[in-house]
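In the block that follows, a single chain appears as structure tokens, in the form predicted alone.
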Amino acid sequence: MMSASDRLSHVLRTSIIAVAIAALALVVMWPMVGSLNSLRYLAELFVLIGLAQMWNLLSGYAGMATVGQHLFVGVGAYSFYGLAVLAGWPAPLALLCTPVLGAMSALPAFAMIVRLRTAYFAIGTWVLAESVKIIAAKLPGFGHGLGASLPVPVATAFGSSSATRLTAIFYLTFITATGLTLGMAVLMRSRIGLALRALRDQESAAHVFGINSRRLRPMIFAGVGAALALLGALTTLQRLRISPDTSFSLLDYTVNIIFIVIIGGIGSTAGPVIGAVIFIVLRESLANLGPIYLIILGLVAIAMMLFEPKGVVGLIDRLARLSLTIPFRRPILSSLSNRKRT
């Protein structure tokens, strides 16, 4: 016979799953019933979810804390513009090739900062991102410091009218965010996910179990670079222009993303999704307060770190026992040991 706490946990668990399925179905049908303005907001939400998942992968799971992921977002934006506008490639083909260039740029970037650890690694990623931003402002053909707008043929390649273009961007961002979220869930339950968390928790012990950090970390860094570049290209399609300040925005693509992951729950797949929704709601609710809303967001983040370091998913874990957060060190190393024996 179930106790009262078990019944409550079961009800909460069932409710969360039902709400998630209903929300997914509603999102798929939303372009048929929603306004164009709502499509813009939802597309932005999906981009934030994708960005947050990638920061969470590096900082929450792999232990590579970064404050420079706006580097690859900007690289993706400029790569898409260069391929579609300067090289004259079809816009859909340029969009598909952008992640390749993002991955290719991530490998030399990682080689420059691979020897740095903890705070030095974070500062290194920020310095590298700002350096590339300065270089982008000097590139001929990209509008220098003022940036450039996408030509009409490129903008209309995904829809001749505003409604069709926004619908196409909506589905592209939705598919990307969903794919990254599901990919994270699968990856973290695989041997690679166990290896990443072991490297984060105790690198010397992880090497004993045969984990090759010199091969694994560059591979993950390149994958994150590819995903961020794709999100940067999608953001360019939304804004219809590039510029060093907006395409390499530290606030939009790194600072806000850190807030989202902390609020939602670092080290969990559901955390970035929850945090992105909370961020959009807070931002729109506090928009009339001007810069003060940034102070409020900071206070909310500090309060969350003090009272519930696992974020909103930590609260859900305690109430519904869903185990949305990552396991601690001993189960990770134990799992690796068991898999090694088999």
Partner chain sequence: MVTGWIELLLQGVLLGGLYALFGVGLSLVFGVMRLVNIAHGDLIVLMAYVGLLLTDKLGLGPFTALLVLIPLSCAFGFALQAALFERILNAGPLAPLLVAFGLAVVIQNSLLVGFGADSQKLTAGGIEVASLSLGSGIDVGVLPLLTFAIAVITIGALQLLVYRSSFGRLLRAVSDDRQAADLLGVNTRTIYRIAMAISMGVTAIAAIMMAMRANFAPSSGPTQLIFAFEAVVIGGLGNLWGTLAGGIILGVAQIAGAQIDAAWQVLFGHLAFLGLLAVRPNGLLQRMAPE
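Since the structure is predicted, the reported quantities are computational estimates derived from the model, not experimental observations. Residue numbers count along the first chain shown, from 1.
Keep in mind that the form predicted in complex with the partner chain is not shown, yet the notes after this line are about it.
**Q** Where, among 94-102, 156-164, 262-270, 237-245, do residues come within 4.5 Å of the partner chain in the predicted complex by heavy atom distance?
**A** Contact criterion met by 262-270 only.
**Q** Is it the case that Trp55, Ser59 and Leu116 all touch the partner chain in the predicted complex, with a non-hydrogen atom of each within 4.5 angstroms?
**A** Yes, the whole candidate spot contacts the partner chain.
**Q** Exactly one of Ile280, Leu286, Leu26, Ile302 has a non-hydrogen atom within 4.5 Å of the partner chain in the predicted complex; which residue is it?
**A** Selected residue: Ile302.
**Q** Quick one: from Leu39, Leu45, Ile274, Val67, grab the residue that has a heavy atom within 4.5 Å of the partner chain in the predicted complex.
**A** Looking at Leu39, Leu45, Ile274, Val67 one by one, just Val67 meets the 4.5 Å heavy-atom criterion.
**Q** Looking in the predicted complex, any heavy atom of Phe174 within 4.5 Å of the partner chain?
**A** Close contact is absent here: in the predicted complex, Phe174 is far from the partner chain, nothing within 4.5 Å, heavy atoms only.
**Q** Taking the partner chain as it sits in the predicted complex, is Gly34 in contact with it (heavy atom to heavy atom, 4.5 Å or less)?
**A** Contact with the partner chain, no.
**Q** Though only this chain appears here, would Ala222 touch the partner chain in the predicted complex if you measure heavy atom gaps against 4.5 Å?
**A** Looking in the predicted complex, residue contacts with the partner chain do not include Ala222, since no heavy atom lies within 4.5 Å.
**Q** Decide whether Phe170 counts as a contact residue for the partner chain in the predicted complex under a heavy atom distance cut-off of 4.5 Å.
**A** No - in the predicted complex, heavy atoms of Phe170 and the partner chain never come within 4.5 Å of each other.
**Q** Check each residue of 282-315 against the partner chain in the predicted complex and list those with a heavy atom within 4.5 Å, in sequence order.
**A** Stretch hits, in order: Pro291, Ile292, Leu294, Ile295, Gly298, Leu299, Ile302, Met305, Leu306.
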